[in-house]
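This document starts with one chain, in the form predicted alone, laid out as structure tokens.
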């Protein structure tokens, strides 16, 4: 399973989103997520991937998060 697939799976499970509407270009706003949702999702992703991930202003899209996870592995 690719990092993107796993991130999409986490988003779908945590926030009841539709997987086919999530792309690497999707922003948190596009997905209807606020800052509290983002913090929760980061913790879920850290657990799922066994990494430490710091959300920064640069992480605006799902693709940005995928790149950060891959870099942290």
Partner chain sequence: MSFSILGTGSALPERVVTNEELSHMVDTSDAWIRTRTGIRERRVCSSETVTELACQAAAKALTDSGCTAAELDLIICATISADYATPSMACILQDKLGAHCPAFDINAACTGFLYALDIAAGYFARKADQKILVVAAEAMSRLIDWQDRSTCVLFGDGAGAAVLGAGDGLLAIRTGAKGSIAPLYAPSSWGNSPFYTGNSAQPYLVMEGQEVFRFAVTSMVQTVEDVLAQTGVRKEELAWVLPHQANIRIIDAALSRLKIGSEKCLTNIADHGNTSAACAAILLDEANRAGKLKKGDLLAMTAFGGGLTTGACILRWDK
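Numbering follows the first chain given and starts at 1. These numbers come from a predicted model, not from an experiment.
Not pictured, yet referred to below: the form predicted in complex with the partner chain.
Residue 31 falls outside the set of residues with a heavy atom inside 4.5 Å of the partner chain in the model of the complex. Mapping the unseen interface onto this chain, residue 17 falls outside it, with no heavy atom inside 4.5 Å of the partner chain in the model of the complex. Residue contact with the partner chain in the model of the complex: residue 35 places a heavy atom within 4.5 Å of it. Proximity of residue 44 to the partner chain in the model of the complex falls within the 4.5 Å heavy atom cutoff.
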